[in-house]
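Shown next as C-alpha cells: one chain only, the form predicted alone.
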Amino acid sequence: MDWYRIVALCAACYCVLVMGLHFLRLIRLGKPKDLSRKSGSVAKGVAYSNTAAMMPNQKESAYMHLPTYAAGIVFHLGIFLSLLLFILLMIPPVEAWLFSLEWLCALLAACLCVSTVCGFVLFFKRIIKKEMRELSHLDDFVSNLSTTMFQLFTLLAMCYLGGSRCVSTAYYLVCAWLFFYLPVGKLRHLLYYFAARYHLGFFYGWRNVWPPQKKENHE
C-alpha cells in the first residue's frame, strides 16, 4: 500500500476513534430529564425534529434565503457522497470495479462538481457578506474550505485517480487532513447534530409542542 493511502487510513482510524469517544460521552450523559408533567409524545417530537422541523418554512429565517438553503443541502449531500467514495476506494477490489465503469465515474464526478461549486459559493458568501463575516470565526472558514476541497479532490479522483499518481497523492492527503481536523473543529457536529435534534424533539415532544397541533376552525 502506498504511503499516502496509509496516512489517510491512519487519519480515518484516528477520526473514528475520537468520534467514538465523543459518542460514548453522549451516551454516559444519558437521556434528557424534564421535571414538568408529560403532555405529549417524545417519539413524535423526535421524528418531527428530524423531518418537518428541518424544512425552511419551519426555521426562523431560512425561508428568506432559499438559494443558500438549497446550496447547503447539496453541499452536505456531496460531503456524504465523498465519504462513501473514500471508503470504497480504500478497498482495492471495489476500487478496481468502480474505475472500470467509466459512465459511473462520470456521473459521480458530475454530482460532485455541483456540490463543490455550492461549497465555494457558500465559502465566498461567508467572506463577502459583512453580516456573515462578523458572525464567523476561523473554524467556520477552515471547516467550509476543508470539506469543499475534500469534494473537489474526490471529483478529481473520479476523473484521474486510476492513472495519476499526483492526483492520488493529493487526494489521500486532503482526506487525511479532513479526518484529522474533523473531531477537533465544528465538523464534529456530524455526530452532535443527531444528539441536538434528539434533545429538541424530546423537549418539545414532551411538552406537546412538536408536532404542531392543527388549528380547529370555529364558526
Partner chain sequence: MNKLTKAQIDAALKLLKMPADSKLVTHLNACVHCGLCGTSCMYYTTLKEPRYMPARKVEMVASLYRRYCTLTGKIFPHLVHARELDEQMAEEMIDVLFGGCTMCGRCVKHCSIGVDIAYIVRVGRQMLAAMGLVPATLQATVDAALNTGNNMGIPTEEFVDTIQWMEEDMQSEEGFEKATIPLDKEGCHVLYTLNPREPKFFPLSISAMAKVFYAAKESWTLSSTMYDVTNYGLFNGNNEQAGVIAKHLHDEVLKLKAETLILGECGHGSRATRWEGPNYLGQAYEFEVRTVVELINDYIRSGRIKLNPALNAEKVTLHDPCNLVRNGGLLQELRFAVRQSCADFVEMNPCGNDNYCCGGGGGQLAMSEYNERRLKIGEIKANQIRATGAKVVVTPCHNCVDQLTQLSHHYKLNVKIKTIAEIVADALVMEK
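Since the structure is predicted, the reported quantities are computational estimates derived from the model, not experimental observations. Only the largest set of C-alpha atoms that superpose within 1.5 Å between the two forms is called the rigid core. Numbering follows the first chain given and starts at 1.
Although not depicted, the form predicted in complex with its partner chain is the subject of the following passage.
Next item on the list: Look up in the predicted bound form whether R165 has a non-hydrogen atom within 4.5 angstroms of its partner chain, and give yes or no.
Entry: Output for R165 is no: heavy atoms all beyond 4.5 Å of its partner chain.
Notebook entry, point to check: So in the predicted bound form, does any heavy atom of C10 sit within 4.5 Å of its partner chain?
Noted result: C10 lies outside the contact set for its partner chain.
Next item on the list: Please check if E95 has a heavy atom lying within 4.5 Å of any heavy atom of its partner chain in the predicted bound form.
Entry: Contact check for E95: no, nothing within 4.5 Å of its partner chain in the predicted bound form.
Check: Does at least one non-hydrogen atom of A43 fall within 4.5 angstroms of its partner chain in the predicted bound form?
Finding: Output for A43 is no: heavy atoms all beyond 4.5 Å of its partner chain.
Item checked: Triplet M54, E134 and Y192 all within 4.5 Å of its partner chain in the predicted bound form via a heavy atom -> Looking in the predicted bound form, the three residues M54, E134 and Y192 all sit within 4.5 Å of its partner chain (heavy atoms).
Notebook entry, point to check: Along 59-74, which positions have a non-hydrogen atom within 4.5 Å of its partner chain in the predicted bound form?
Noted result: In sequence order, K59, E60, S61, Y63, M64, H65, T68 come within 4.5 Å of the partner.
Check: Aligning on the rigid core, do we see the C-alpha of L29 shift 2 angstroms or more between the shown form and the other one?
Finding: Moves: no, less than 2 Å.
Checklist line | Rigid-core frame, C-alpha of G185, shift of 2 angstroms or more between the shown form and the other one | finding: No, its C-alpha moves less than 2 Å.
Item checked: Cα displacement of K59 between the shown form and the other one reaching 2 Å, rigid core superposed -> It does shift by 2 Å or more.
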